[in-house]
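Let's start with one chain on its own, the form predicted on its own, as structure tokens.
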Amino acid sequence: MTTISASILAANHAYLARDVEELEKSGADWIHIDIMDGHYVNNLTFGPKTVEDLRKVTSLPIDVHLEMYRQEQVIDHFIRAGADMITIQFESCPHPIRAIEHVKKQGCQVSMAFAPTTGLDQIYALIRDVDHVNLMTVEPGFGGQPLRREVLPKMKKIREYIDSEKLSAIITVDGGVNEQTIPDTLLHGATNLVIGTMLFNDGMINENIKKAKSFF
């Protein structure tokens, strides 16, 4: 089953509740919230209060993606606010296994995100411990970047590894996912698509979700 995780980084932040309600009505499967600290990446975004408030207006599962340093210090805040999954950024987490175990102990799903240049060995070492493997196809920090196609062969190898080992991890593709790139991401093994700009850039959320799902 292929799912859509709507990245609200690309939404109109003055109307987040309205847009999230529209996403749910239109058939999105997840809400993806990027938490950026201005240090690991040169951008500042949301906090636990945003998650808490959006939790009140949607029944969709919320994936909180921690693109920041000192992730371990905020995990509990976001789980209490209503996150259903915590996505840990591998490159900015000094103890990823500890972070994974901590999230699981709180009864929350866990995903590990890997930047485009991170190698297969690091991914294979953690893939058995997570619910989702988030393969970033852009550099962390800003929406609207083009998909880095050199990640696709790595995605295919991870798909083959999951299948051969009979693992349950879902492959999430995150970055530059749109009408031009959805077919290739599906062909190379992704089953959860983080989509931002494509869904929000013209204000036609319902039509854009239908367009994305037409490729499934």
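The model shown is predicted, which means the values in this text are computed figures rather than measured ones. From 1 onward, residues are counted along the sequence shown.
Another form exists, predicted in complex with a small molecule; not displayed. Remarks below refer to it.
Taking the partner from the other structure, the small molecule in the predicted bound form has a heavy atom within 4.5 Å of a heavy atom of Gly144. Of the heavy atoms in Met136, some are within 4.5 Å of the small molecule in the predicted bound form.
For the chain shown alone, Met36 is a contact residue for the small molecule in the predicted bound form, at least one non-hydrogen atom being within 4.5 angstroms. A residue is said to contact a partner when one of its heavy atoms sits within 4.5 Å of a partner heavy atom; Leu23 fails this definition for the small molecule in the predicted bound form, lying far away.
Stretch-level contact check against the small molecule in the predicted bound form with heavy atoms at 4.5 Å: of 119 to 127, 96 to 104, 73 to 81, 136 to 144, the positive one is 136 to 144. Using a 4.5 angstroms heavy atom cutoff to the small molecule in the predicted bound form, none of Ile4, His132 and Asn192 count as contacting.
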